[in-house]
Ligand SMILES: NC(=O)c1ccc[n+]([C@@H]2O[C@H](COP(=O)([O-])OP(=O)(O)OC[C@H]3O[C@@H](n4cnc5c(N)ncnc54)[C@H](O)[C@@H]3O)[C@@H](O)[C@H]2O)c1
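In structure tokens, one chain follows: the form predicted alone.
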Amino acid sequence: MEMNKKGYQAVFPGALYAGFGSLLEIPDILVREGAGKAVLLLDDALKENSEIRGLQERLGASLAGTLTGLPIEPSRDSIRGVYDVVLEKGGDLLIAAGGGSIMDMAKVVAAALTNETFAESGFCDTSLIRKKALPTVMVPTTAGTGAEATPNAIFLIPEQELKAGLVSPQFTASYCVLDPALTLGLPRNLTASTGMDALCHAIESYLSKKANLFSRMLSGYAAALIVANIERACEDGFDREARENMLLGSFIAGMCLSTSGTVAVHALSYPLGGKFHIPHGVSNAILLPEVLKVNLPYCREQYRQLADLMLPEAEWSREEKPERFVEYVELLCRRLRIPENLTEYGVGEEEVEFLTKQAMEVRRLLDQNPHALSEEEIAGVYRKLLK
């Protein structure tokens, strides 16, 4: 089994509360932290959610404010806006309830509020984060980005038509609350795209050059949990068991990112999100089968292992497992109605050179890919998705 032989480290959230009703733990968290001016960053889709309304009532005067109308794709300007509001309110703890963008924004703001020079850098230079961030409570409402479990934050750089990532141990959540009730009834398309994003995290972290025994234990289990439940969750948005398992699988896959990280799928996805604003989970899901094909000659053993973990009942010979694994992932995307190409998002042949150059700049991820992708191979992946 080829994997990184050097030492490794992992950064995990401080505490986890999971299961139906776990949202009720948040008032006690505020008491434990001595927080009297919590600020809630809330996804607009949850403004009328009864569970959230109940939380706001229980927090009472300890909730200094609720911020809504937050952007789907945070930029430095929008982060600055949230930072200014929280600073004005004297916020001493941040609660983020929503998808990855809401949680990433909370991470950056929490660190900036205790590290003024980081804020003054335009939220760019994480080396300036030297003090502990404000306490954060991450409440994911999709399954998902896994952002609640990572020390990463993704934001849009409009002038470069690119998405970029920041990494800091201080972005790691103080508390994660996984309450599946908040995911009940999510639309099928959102369930599919966010679920495939989580599966990408699990598979990519398993294949990463930085993969290790610990990360593969987590990523293999996460991948198995996701594939066993994603189609059920899509078919019945109120399947409580499937929803709970998807939320847990997404969280575990996210935990892998601090120790092994993602690879080429995410590297090629960032330019698509930055220029064409394709939802992150959708672009990852579109890219996954083609990137798996390019990596196939270099990952046959890892694909066999993933096939055994994800599909233990499959009666495939050892020799055919790698190809069958790739075929399975491709067919899963079709069953989940993931778009098969990029043309419907306005991507044409004339954009391939730009996308390739931008992807080549994402060295943090490409350098961990099990195969060193050339410009020609990256361009080839994009072109195959134009047909």
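We number the residues from 1 along the sequence you see. As the structure is a computational prediction, the values presented were derived from the model and not from experiment.
Omitted here: the form predicted together with the ligand. The next part is about that form.
Want to guess which of 114-122, 287-295, 69-77, 204-212 is within 4.5 Å of the ligand in the predicted complex, heavy atoms only?
In short, 69-77.
Ok, Pro271, Gly91, Gly261, Gly99: which has a heavy atom sitting within 4.5 Å of the ligand in the predicted complex?
Here the answer is residue option Gly99.
Could you spot which one of Cys256, Ala147, Cys200, Ala173 gets a heavy atom to within 4.5 Å of the ligand in the predicted complex?
For this set of options, the contacting one is Ala147.
Thinking of Thr142, Asn152 and Lys163 as one candidate spot, does the ligand come within 4.5 Å of a heavy atom in every one of them in the predicted complex?
Yes, because Thr142, Asn152 and Lys163 each have a heavy atom that approaches the ligand to within 4.5 Å in the predicted complex.
Under a 4.5 Å heavy atom criterion, is Leu46 part of the interface with the ligand in the predicted complex?
The answer is yes: Leu46 has a heavy atom within 4.5 Å of the ligand.
I'd like to know whether Ser250 contacts the ligand in the predicted complex, with contact meaning heavy atoms within 4.5 angstroms.
Residue-level check for Ser250: no, no contact with the ligand.
Contact with the ligand in the predicted complex for Thr183, defined as at least one heavy atom pair within 4.5 Å: yes or no?
Yes.
Just to confirm, Asp104 within 4.5 Å of the ligand in the predicted complex by heavy atoms?
Taking the distances in the predicted complex, the answer for Asp104 is yes, it comes within 4.5 Å of the ligand.
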